[in-house]
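Only one chain is included here, represented as structure tokens and corresponding to the form predicted on its own.
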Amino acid sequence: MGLYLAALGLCAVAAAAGALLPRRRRVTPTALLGALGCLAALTAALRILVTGDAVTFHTAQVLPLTGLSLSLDPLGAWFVLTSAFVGVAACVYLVGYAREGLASRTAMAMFMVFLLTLVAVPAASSVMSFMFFWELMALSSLLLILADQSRHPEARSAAIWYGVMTHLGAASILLGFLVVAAGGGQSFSDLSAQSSAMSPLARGIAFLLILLGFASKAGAVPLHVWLPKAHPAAPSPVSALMSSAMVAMGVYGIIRVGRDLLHGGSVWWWVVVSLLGVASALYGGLHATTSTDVKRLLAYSTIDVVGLVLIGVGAAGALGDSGLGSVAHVAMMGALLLVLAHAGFKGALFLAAGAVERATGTRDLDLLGGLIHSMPVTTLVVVVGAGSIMAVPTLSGFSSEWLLLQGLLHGFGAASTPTVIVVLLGVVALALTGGLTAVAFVKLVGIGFLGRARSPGAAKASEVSMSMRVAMIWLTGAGVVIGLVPGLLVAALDRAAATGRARDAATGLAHGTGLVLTGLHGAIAPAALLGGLVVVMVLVGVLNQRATQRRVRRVEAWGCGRDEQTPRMQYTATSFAEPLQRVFADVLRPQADIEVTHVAESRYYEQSLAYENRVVDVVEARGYRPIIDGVLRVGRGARRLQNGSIHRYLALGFLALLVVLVVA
């Protein structure tokens, strides 16, 4: 526990350094302290995952009345590992990135506080400790969204959406905890003991309340509306942490409460979780294909991947309730491995998006292109990250989604009809989102990095600083290692997935470099697969070279009558996604505007045409906007009560007192 507490202390010292050091000497020492804190947390988490032991700590000196309670078991250590893994990269990236908004005292201090909370939330073992770190995480991330509002005016609106949604979610979580803690006590061990004596109705209400709060933080549909607004508006290292680590805290909360504190509950709990996952995966994947803003595309793809994780968590709960503990264990391992893999490739992609914006001045795919020549390292990071999220074999996304798919496929033998339906929907969603994700990221790589530059900013782009490149390579390299030899994580993954639930010791994963299901059928060896592909490619290359040794006449390619290809002759991101947008027009509800300017002498001749295509979030437009408009109307009507009359105010106060007395 000492190393973990040292990690928290280093993050706290880093926050103090960011708040106190002068501007010229602020960024590098603060980032170094933050990186050391994350490395210490990473080491502590690995130690717990290797040994399988849980460590605890309690002090009455930090929080009033209840004190601070921490307990880190393998499940919490897995999420600490995820946060610290991305946190190291974010701190290194910060050295080259923090020139404007993030270099201020407030931004640097809040960035380190945000890091501290991300590694502290999974260890909180009481309601007070958990809610303290949870709200501190929300507040620090809210301020970081506003850190760069001078260059991103939409940050204020995004911060309002995020602030409202995250605090409503926190209120729901706290209310759910209060339902469980009605018998007294507020430590998680007390809640776990008390929940066994609760009625099924009370446990169900508590789980739904807590699920709503954690699902909003995870960005599950329809509670996702803050995510595609906040992630693009935040600075890129903040976006990387929010997308890869903070949304994972929502998944952690669902697992911790559902499996550990409430002991699994009923099968309908996990059916609801799976349905949220299916809706999120399909909705996020569909919107990612139509987004032209790089960070907005990545934000919607986060909703997509979180949906797949929730499918795995829900399937694991339903399968465990149906008596298929071994299959449930495999599904949970797939979900947890996908959490770690997503942290690697999505963190790298968000950092790459920040590098592109810093080099070109834009995130609009329609204005990019040709970056493979001027930004080769960033391009390589994006290509590998896109391959991972598309589950290309030998990359981390493939190993995790394969394991998740195995858990779903082996679940068709369940005797429970709801469980079979959940498994079927999960397999369908996994297949459909695979295609949608491929379209979205082929668009990202092809339009944004290949071809020719579509704007002066893209034409003049150059590679970013060394620290930013090192951070991106850290996440990308680790993702490649996880994809090639996922067996290295088998023991840790097995312990994390087994926390809070007994399982059959004869099932799980065999130790090795690949993934081999013991007790079930299924195995992959990504390293061997890559070796075979390399051998085949070498043989094909040698044979092709020998076959073409005869004299070949080379001529210029036919250019269809054109002397030179221009950027205007290339596909844009908008045109690339237009066919799919038409197919799903009933869901996406696209809006198109054409503005025609005529020649002054005659209205029969057009001088210019302006075309704009927008895809609005249907959940926001049809679900949240009417509610917001209704609240604003009520607020405007309530202003009439304030006429300056002291008699009216006294009457209203007396009426409120009567209502309170009647209710009490």
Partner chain sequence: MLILAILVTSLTATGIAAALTWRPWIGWMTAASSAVVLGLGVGLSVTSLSGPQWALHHSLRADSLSAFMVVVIGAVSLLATAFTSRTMHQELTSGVTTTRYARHYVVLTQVFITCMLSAVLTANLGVLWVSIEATTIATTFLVSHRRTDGAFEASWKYVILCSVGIALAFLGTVLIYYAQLHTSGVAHHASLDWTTVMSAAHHLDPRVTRIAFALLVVGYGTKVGLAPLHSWLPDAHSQAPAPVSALMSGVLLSVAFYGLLRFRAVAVAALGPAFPRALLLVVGLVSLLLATVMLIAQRDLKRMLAYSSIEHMGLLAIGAAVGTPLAIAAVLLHILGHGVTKSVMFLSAGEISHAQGTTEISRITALLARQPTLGGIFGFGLLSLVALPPFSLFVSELNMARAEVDAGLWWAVAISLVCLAVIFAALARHARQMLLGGAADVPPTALPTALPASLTTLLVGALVACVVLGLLTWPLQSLLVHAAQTVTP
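Rigid core here is just the name for the largest C-alpha set that superposes within 1.5 Å across the two forms. Positions refer to the first chain, counted from 1. In this text, all values refer to a predicted model and were calculated from it rather than measured experimentally.
As for the form predicted in complex with its partner chain, it is not shown, yet the points below apply to it.
Only one segment in the set 344 to 352, 311 to 319, 587 to 595, 161 to 169 has residues whose heavy atoms sit within 4.5 Å of its partner chain in the predicted complex; it is 161 to 169. With the partner removed from view, the residue among 275, 485, 491, 175 that has a non-hydrogen atom within 4.5 Å of its partner chain in the predicted complex turns out to be 175. Of the residues 636, 603, 614, 622, just one reaches its partner chain in the predicted complex with a heavy atom at 4.5 Å or closer; this is 636. Taking the partner from elsewhere, every residue among 64, 106 and 186 has a non-hydrogen atom within 4.5 angstroms of its partner chain in the predicted complex.
Put simply, residue 474 is far from its partner chain in the predicted complex: not one heavy atom of it is within 4.5 Å.
Among residues of the shown chain, residue 190 is not one whose heavy atoms approach its partner chain to within 4.5 Å in the predicted complex.
Among heavy atoms of residue 156, some come within 4.5 Å of its partner chain in the predicted complex. Its partner chain in the predicted complex comes within 4.5 Å of no heavy atom belonging to residue 201. Residues are counted as partner-facing when one of their heavy atoms sits within 4.5 Å of its partner chain in the predicted complex; in 629 to 650 these are 631, 632, 634, 635, 636, 638, 639, 641, 642, 644, 646, 649, 650, in sequence order. Fitting the two forms on the rigid core leaves the C-alpha of residue 653 displaced by at least 2 angstroms between the shown form and the other one.
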